[in-house]
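Each of two forms of one protein chain follows alone as structure tokens, named structure 1 and structure 2.
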Structure 1
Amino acid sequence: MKNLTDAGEQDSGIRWKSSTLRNAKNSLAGIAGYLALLAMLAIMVSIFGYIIQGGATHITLKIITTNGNTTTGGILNAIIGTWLLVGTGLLFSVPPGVLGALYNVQSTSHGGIASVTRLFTDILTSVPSIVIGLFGYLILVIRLGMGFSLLAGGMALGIMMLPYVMRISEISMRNVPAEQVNNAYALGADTINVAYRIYLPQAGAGIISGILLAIGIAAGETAQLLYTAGWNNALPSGLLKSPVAYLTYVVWYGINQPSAYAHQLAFVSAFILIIMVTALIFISKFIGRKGA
């Protein structure tokens, strides 16, 4: 009996030590998580606070309602140009992105092609923006003769936005209940009817959320636009061979100038970009939750 009692006490002691060690590890992991979260929040608050302080204190009605050249005047041409470029990019990313997602979701006999499509989509997501800009400059600007233009810049942004639109659209469509799809096919619906009556309505909120996220990313891009859009002190006069102004150029160029006013324009442009991107992210999250 004594041996059994000693063995029980020893086993109980081992369990107690194991439980204590596990709780200590959990506590340390929790503390590390909180510290990491606080560090991230501190960095975000510092960045946002610095940009907001520098931009909000210098923004004026004249700056946002007049055209300029990054050192004098305003940034109206850059604000409008940014949205023109993003809008053009949507034309080259949303239709193929959504259609590609539909193909991947509905492809049963062509699973191999869908897998290859997903692979190249993931690769395109990781391609540096400067590489897309180089491609746009060599092919769109020079080879196809578009010049620095709205069309070349928009197409470069569209290439960057495409994988985001396609992947998020596909994920949203795969969340559609399989019973609804199977019932539609059982009732005699074809692939097109299932796409437009089941997938798109059910996954619409997720698709829109992904598009808004892609817009927010595209609005903050610079590298590919330096090689394809150029810069214009006014608004573009057409789709081809007419450069376009955009906000990130004002930030990139203005902050490197010795002029204090150029620095003000850079901060105001960064401030507007932060507001635009933050608003788009919150709207996309709101729409995504409504559709969930």
Structure 2
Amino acid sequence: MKNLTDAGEQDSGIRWKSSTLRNAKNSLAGIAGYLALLAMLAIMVSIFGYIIQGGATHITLKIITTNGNTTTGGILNAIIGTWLLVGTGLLFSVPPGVLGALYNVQSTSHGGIASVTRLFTDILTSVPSIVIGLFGYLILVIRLGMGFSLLAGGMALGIMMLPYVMRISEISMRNVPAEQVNNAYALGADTINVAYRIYLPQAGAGIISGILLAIGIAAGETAQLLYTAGWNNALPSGLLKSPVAYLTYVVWYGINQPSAYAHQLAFVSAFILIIMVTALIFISKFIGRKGA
């Protein structure tokens, strides 16, 4: 490759070197890039490998079908507790998320509020999870008297899930052709009709993909739950004042215990979590892509 001369040099500001050196650099960068990808692949394989191997070798029917206290027994209470918490989180995030998205998507033309809520929604996702946990403890657990409970833990998760549901719903609703919405309004449809007949059916796949992503992320969260859900050696007895067990707690607490069985429980919980979360994320991606 011939080097460029004067004018090009001046304009681009790039100091061209001899082409052999440039080609060598190019190949070197390619090799470095492949090495970087390989290193990341290796670490991904290592994470999945260790967790899956550790979980698969220790998992027994007894562990997943009995309750336990992170050092003895099983993890059934934690498995069910995780789903109860995520389910409660859904109650507090899906209805407001989808409704809020309906407002935001329709108010793009007259900006104002929607751009502010969009900014705040994004900021809300970057609030550190432990801060949501502390807030949940101070306000929900203590001030509102919920105690360590399903409701407090679920609401803390809901705070974290809401922005994901709202923003992804809004983005998928934005793909609905504007003419269709305008035509519907011109034909006399009201907002409820437009929401039910146009936005929800057409953006449904996208909304569900957002919800699945939020579930996947919420199921793997810990810090919000430490001081809102607490821990329970059995299933919670109700919505209020009865703590809830969850899988991430078993991982965190179990691996720090000086007992081989606790480590075993931690691995089994991590195994279930990683399978569940990756599956949810991939299904979410698949549905999202199909919907778009």
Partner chain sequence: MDTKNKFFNFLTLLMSLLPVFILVSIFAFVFYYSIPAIRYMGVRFFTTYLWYPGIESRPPIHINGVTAPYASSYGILLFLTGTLISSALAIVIALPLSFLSSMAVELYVPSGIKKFLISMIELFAGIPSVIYGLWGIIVLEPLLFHDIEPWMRDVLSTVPGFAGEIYSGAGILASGVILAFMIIPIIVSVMVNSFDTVPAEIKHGIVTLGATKWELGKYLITDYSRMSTYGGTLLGLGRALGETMAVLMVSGAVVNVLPSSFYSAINTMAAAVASLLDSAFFDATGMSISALSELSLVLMIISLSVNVLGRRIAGRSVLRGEEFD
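Each residue is numbered by where it sits in the sequence of structure 1, with counting from 1. Superpose the two forms; the largest set of C-alphas matching within 1.5 Å is the rigid core. Please read these numbers as outputs of a predicted model, since none were measured by experiment.
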Structure corresponding to the form predicted together with the partner chain | 2
Quote the shift of the Cα of Leu37 between structures 1 and 2 to one decimal place in Å, the two forms being superposed on the rigid core.
-> 2.8
